[in-house]
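Listed next as structure tokens is one chain, alone, in the form predicted alone.
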């Protein structure tokens, strides 16, 4: 097995670890915003690590995989801000 395959498997395995690591705080007694923040950060990092692992395995697809990494970073950041705004006490969505 060559070095690129090992690095690819490490990235994909690390991404799966981040996915599960972000899920465990959902069982705790912290606030909903803390749980969502932990889940979204771990999900973003895990997904990016998996995409980097795929990039190492299939480098000829780098434009699509790079677009996937950028989309993950932007989408999850914007979604976090929207969730925080909607759940803040002064938002106009309280009815």
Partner chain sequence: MTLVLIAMILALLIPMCEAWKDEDIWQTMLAFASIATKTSVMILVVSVLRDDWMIGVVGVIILSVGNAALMLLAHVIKRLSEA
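Because the structure is a prediction, the values reported are computed rather than measured. Residue numbers count along the first chain shown, from 1. So that the term is clear: the rigid core is the largest set of C-alpha atoms that superpose within 1.5 Å between two forms.
Form predicted in complex with the partner chain: not shown, discussed below.
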Exercise. Can you check whether residue 52 is within 4.5 Å of the partner chain in the predicted bound form, heavy atom basis?
Worked result: no
For this session: Verify the contact flag for residue 79: yes if a non-hydrogen atom of it lies within 4.5 Å of a non-hydrogen atom of the partner chain in the predicted bound form, no if not.
Result: yes
Exercise. Does residue 41 reach the partner chain in the predicted bound form, with heavy atoms at most 4.5 Å apart?
Worked result: no
For this session: Using the partner position in the predicted bound form, report whether residue 11 sits within 4.5 Å of the partner chain, counting heavy atoms only.
Result: no
Exercise. Heavy atom within 4.5 Å of the partner chain in the predicted bound form: which residues of 26-63 qualify?
Worked result: 26, 27, 29, 30, 32, 35, 36, 39, 43, 47, 50, 51, 54, 57, 58, 60, 61, 63
Problem set entry | Residue shift check between the shown form and the other one, rigid core fit, residue 27 Cα at least 2 Å | yes
